[in-house]
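First comes one chain, alone, set out as structure tokens in the form predicted alone.
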């Protein structure tokens, strides 16, 4: 199905996003991190976690609530383990925190072969796939998970939402082998809440069994969604619990009171992040079949998976790579008319000129 998009130059997009965050009293580093991340997500076609979603989160759970503190300083706590770091983010903007944590994990991996950074007292970092993709483009194996800002997912065979969408994100350095980094990134719900919001903007229906209404009945109407369902039933449920246990080990608290600041005094109400980076050389046994190099071996394995007549198969990360190619082809970020309208609402809120839709390049 054809859809109409409008092309917005990256600089024009970033200028508005920086202004929007500056109006909320974020410092220059945080504003630049927010703009960079939103542009990166949009460049790769991630419409559920673009700047519209980021500002929506900040409105409801961030600097306009109690979940994010502009200009906060990260505290790095002492640890006995050389390849590990433990941070107290002090509610710093999630995108800035995540970029810093992934960079630190890369530094540790360069020295020790593997590095991990655990981040307590954090604010939502949006699309985890963006951080691991960038690390993979630099040549590393990267993983991150987080607990979402809000418990909005019903556990398998349950009735009440007690879990976040709790995503997992893996990135692998396969650009040399297949032309793009292999990225496996998913929420543990059938859809992310950002998808629900996107479908509501676009007037589209949700897939079956993705969400429930206020009465606990399945609904495909995004305007009636009260909670989400785990994907794969018990399988998504188990993966979601992994995030909660990792968070609990780091310092996270009860999932049902995250971002609910008036409840359970004495408990912590913030999300938790976990980052891990592995240097590929630290994993290599250097005994690949037929004398292949590590890269050649990866390519051979992936070709075997999508071979044997599996012509319609796509590798994880290929959709994002295709979106990046379209963005590169049109020299800008592609947004729908509804998204342009949402950005112009942001412009009005922070005293910026709206985007003139009639002057933007139109593509199908």
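Residue numbers count along the first chain shown, from 1. Remember, it's a predicted structure, so these values are computed and weren't measured experimentally. What we label the rigid core is the largest C-alpha set whose atoms superpose within 1.5 Å from one form to the other.
The form predicted together with a further copy of the same chain exists for this protein as well; it is not shown, and the discussion that follows is about that form.
Original post:
residue 116: heavy atom within 4.5 Å of a further copy of the same chain in the predicted complex?
Top reply: Heavy-atom contact with a further copy of the same chain at 4.5 Å: present for residue 116.
Original post:
Does a further copy of the same chain get within 4.5 angstroms of any non-hydrogen atom of residue 175 in the predicted complex?
Top reply: Although a further copy of the same chain is absent here, residue 175 would stay clear of it in the predicted complex, with no heavy atoms inside 4.5 Å.
Subject >> Heavy atom of residue 302 within 4.5 Å of a further copy of the same chain in the predicted complex >> reply: Judged by the heavy-atom cut-off of 4.5 Å, residue 302 is in contact with a further copy of the same chain in the predicted complex.
Subject >> Any non-hydrogen atom of residue 294 within 4.5 angstroms of a further copy of the same chain in the predicted complex >> reply: Output for residue 294 is yes: heavy atoms within 4.5 Å of a further copy of the same chain.
Original post:
Mind checking whether each of 75, 235 and 245 has a heavy atom within 4.5 Å of a further copy of the same chain in the predicted complex?
Top reply: Answer is yes for this spot.
Subject >> Proximity to a further copy of the same chain in the predicted complex, single hit among 126, 136, 206, 187 (heavy atom within 4.5 Å) >> reply: Only one listed residue qualifies here, and that residue is 187.
Original post:
Quick one: of 315, 337, 69, 324, which gets a non-hydrogen atom within 4.5 angstroms of a further copy of the same chain in the predicted complex?
Top reply: Selected residue: 315.
Subject >> Stretch from 128 to 136, 195 to 203, 153 to 161, 91 to 99 whose residues place a heavy atom within 4.5 Å of a further copy of the same chain in the predicted complex >> reply: Only one stretch qualifies here: 153 to 161.
Original post:
Hey, which residues along 65 to 91 are within 4.5 angstroms of a further copy of the same chain in the predicted complex, non-hydrogen atoms only?
Top reply: 75, 77, 80, 81, 82, 83, 84, 86, 88 sit within 4.5 Å of the partner.
**OP:** Answer yes if the Cα of residue 121 shifts by 2 angstroms or more between this form and the one not shown on a rigid-core superposition, and no otherwise.
**Re:** Residue 121: C-alpha displaced by less than 2 Å between this form and the one not shown.
**OP:** Align both forms on the core first, then report whether residue 229 has a C-alpha shift of 2 Å or more between this form and the one not shown.
**Re:** Where the cores coincide, residue 229 still shows a C-alpha shift between this form and the one not shown that is 2 Å or more.
Original post:
Superposing on the rigid core, is the CA of residue 191 displaced by 2 Å or more between this form and the one not shown?
Top reply: Yes.
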